[in-house]
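Just one chain is shown here, as structure tokens, and it is the form predicted on its own.
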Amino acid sequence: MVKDCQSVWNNCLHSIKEGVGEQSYNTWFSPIDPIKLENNVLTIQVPSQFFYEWLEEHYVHILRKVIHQELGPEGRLEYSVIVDKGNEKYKPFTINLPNNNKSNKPKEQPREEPLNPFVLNGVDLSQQNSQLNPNYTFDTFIEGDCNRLARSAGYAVAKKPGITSFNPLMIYGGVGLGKTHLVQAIGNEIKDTLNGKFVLYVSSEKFTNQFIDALRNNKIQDFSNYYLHIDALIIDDVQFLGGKERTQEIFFHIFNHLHQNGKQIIMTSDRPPRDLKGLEDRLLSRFKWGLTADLQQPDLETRIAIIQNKMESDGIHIPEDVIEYLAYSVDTNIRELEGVLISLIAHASLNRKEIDLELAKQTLKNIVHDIESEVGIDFIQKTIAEHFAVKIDDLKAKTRKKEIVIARQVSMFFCKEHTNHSLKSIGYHFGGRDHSTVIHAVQSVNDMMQVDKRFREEMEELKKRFKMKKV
């Protein structure tokens, strides 16, 4: 049977998907298109030079393995890298690069470094205030599955700003997930390790206000000159440039100049470039030239590591059970988690109390939304324990007595219904049970409501109590 490039690549993808995580698969393999199969050489098209370099460095072994599986020992892989996407008049310009052939890999162009830091109008730019927070470093940025790609790319940029294919580097994610920390860590690393580099961190709002002031005072040229001589420009929250046409125009020219001269551009946004509104297409297309990496909500292990790191740096000891409770209870973002820690330390200091589980619970009641005056896990456990005439400790114990098992399952059911806690977090609050136990409990309660009229009526009464609590 004659093989074609699409079927061969589809088979390769099937094997690759089993060997890499879903996020890595979607990021590095979904965008690839097979374009040719000749003489046991499969040619795949990747969207940028960066893709080629990253695949060769991190996935060359798995690629070689799947190619050999599909095409035999003589099978080889070749990349077609898009250099210029072209337009209606000109065809796209691509270059072909063999797999794992270092001699064919494009070499970094040597860069001339000035003997002295650049001086503009008598001002040494390297000595200017970069607006960076020195506390934001890679050492204090906790790595986890939620941010590993972004952190790795950021560190590579910090070591070789403007030289890697991560230019521009766009970091996006929701509020409080560490975008500002990461990009400022990049800036601090550049300043600390590469003498004479002029790094500037600026919010898009401040950039806009500076531009407006320059317009008002007829100093557009001075404004442009200042930004055109930056070695690494970090601009935060670019989504706020939306709708500001004149600001976008000046930023477009600054972006082009810096990029063409091998300077590093780093940006943050609350959403990926494709979802940004009110920005010109020419800007959005440039945002996609380098790497776009997202920051996600931290998982449990990352949250625990963040708490431990924060407490160690502050020289404060917190019991393990308190750390686990906080990590399970605050699963929204890093900023809220740090806010809880600060409040907990303040409560302990002002009230001269030891930090324990009870103090942590009291602190969270004033901060976390679903623990406040509304229905939280503690309230549900207390209500169900009273209703079934059992102890709260029994709900968390290992006992398998029928009346306690039912009470425990009902508690878990209402925790899933009325709180924002994950299944894993709910299980933790019931004696460290796993998420599958919670799923089973919810299903069991639903099944009992289907067949037992009395139990169904009982559940309806409990639902009314929780609804009244929310009013």
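Since this is a predicted model, take the numbers as computed values, not measurements. A residue's number is simply how far along the shown sequence it sits, counting from 1.
Absent from the display: the form predicted in complex with adenosine-5'-diphosphate (ADP). The rest refers to it.
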Looking at adenosine-5'-diphosphate (ADP) in the predicted bound form, do all three of R148, S165 and D294 come within 4.5 Å of it through at least one heavy atom? no
Answer with yes or no whether G178 is in contact with adenosine-5'-diphosphate (ADP) in the predicted bound form, where contact means some heavy atom within 4.5 Å. yes
Can any non-hydrogen atom of F388 be found within 4.5 angstroms of adenosine-5'-diphosphate (ADP) in the predicted bound form? no
Check H317 for me: does it contact adenosine-5'-diphosphate (ADP) in the predicted bound form (non-hydrogen atoms, 4.5 angstroms)? no
Mark G174 yes when one of its heavy atoms lies within 4.5 Å of a heavy atom of adenosine-5'-diphosphate (ADP) in the predicted bound form, and no otherwise. yes
Counting non-hydrogen atoms within 4.5 angstroms of adenosine-5'-diphosphate (ADP) in the predicted bound form, say which of D321, E338, E358, D378 makes the cut. E338
Out of Y79, Y155, W289, F141, which one falls within 4.5 Å of adenosine-5'-diphosphate (ADP) in the predicted bound form, going by heavy atoms? F141
Report the stretch among 70-78, 241-249, 305-313, 213-221 that approaches adenosine-5'-diphosphate (ADP) in the predicted bound form to within 4.5 Å, counting heavy atoms only. 305-313
